[in-house]
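Given as structure tokens, the chain that follows is alone and in the form predicted alone.
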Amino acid sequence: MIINHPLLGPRDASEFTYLGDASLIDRPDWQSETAAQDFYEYQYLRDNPAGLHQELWFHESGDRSWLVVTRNTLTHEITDVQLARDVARARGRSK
């Protein structure tokens, strides 16, 4: 599988480590009244979709960047690759 890195171009998937659902970017507020339940859901509950899915990948054998890869879980076709920092900023996270 080839991942088209936004900065480095096409790279073999063996250079990367899959880290899970991209919703991990949306870490809950630890100061909220429902923090315990929110963190339980954040840490342990995951969807297992068939079809398009956003995933976190880490470029371990390269520039050590984090990517959000949109991949079809049925065909393994990759339709989009973005830097995770750009996705996080678009979702309203400043850090």
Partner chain sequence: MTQQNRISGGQIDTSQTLKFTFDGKQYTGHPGDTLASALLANGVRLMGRSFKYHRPRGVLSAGSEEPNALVELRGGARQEPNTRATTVELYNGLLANSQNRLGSLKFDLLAINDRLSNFLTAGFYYKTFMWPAAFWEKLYEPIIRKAAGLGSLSLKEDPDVYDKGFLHCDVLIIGAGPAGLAAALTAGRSGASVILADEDFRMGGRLNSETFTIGDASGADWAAATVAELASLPNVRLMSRTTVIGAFDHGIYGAVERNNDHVATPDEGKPRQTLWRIYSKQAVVCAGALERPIGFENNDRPGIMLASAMRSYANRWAVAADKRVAIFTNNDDGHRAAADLHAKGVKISAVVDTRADAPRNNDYEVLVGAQVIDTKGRLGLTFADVRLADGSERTLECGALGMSGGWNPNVHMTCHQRGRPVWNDDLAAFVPGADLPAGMTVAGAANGDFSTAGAMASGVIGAKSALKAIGLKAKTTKLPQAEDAPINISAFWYVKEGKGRAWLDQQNDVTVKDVKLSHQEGFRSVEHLKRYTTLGMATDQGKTSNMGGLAIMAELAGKTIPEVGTTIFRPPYTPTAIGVLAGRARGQEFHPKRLTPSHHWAKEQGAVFVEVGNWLRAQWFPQKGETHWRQSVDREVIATRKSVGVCDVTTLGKIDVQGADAAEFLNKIYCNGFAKLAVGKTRYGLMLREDGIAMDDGTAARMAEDHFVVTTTTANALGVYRHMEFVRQCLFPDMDVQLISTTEAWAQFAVAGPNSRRLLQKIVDPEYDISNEAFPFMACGNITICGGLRARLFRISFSGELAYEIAVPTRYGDALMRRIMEEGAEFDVVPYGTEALGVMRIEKGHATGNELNGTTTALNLGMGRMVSKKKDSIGSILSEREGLNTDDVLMQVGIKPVDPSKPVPAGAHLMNLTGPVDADHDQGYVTSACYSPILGHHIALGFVKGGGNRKGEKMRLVSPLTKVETEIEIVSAHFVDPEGERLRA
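Residue numbers count along the first chain shown, from 1. Note that the coordinates shown come from a computational prediction; the quantities given were computed from them, not determined experimentally.
Form predicted in complex with the partner chain: not shown, discussed below.
- Proximity of I78 to the partner chain in the predicted bound form falls within the 4.5 Å heavy atom cutoff.
- Among residues of the shown chain, A35 is one whose heavy atoms approach the partner chain to within 4.5 Å in the predicted bound form.
- Taking the partner chain as it sits in the predicted bound form, the stretch 57 to 77 comes within 4.5 angstroms of it through a non-hydrogen atom at F58, E60, R64, S65, W66, T75, H76, E77.
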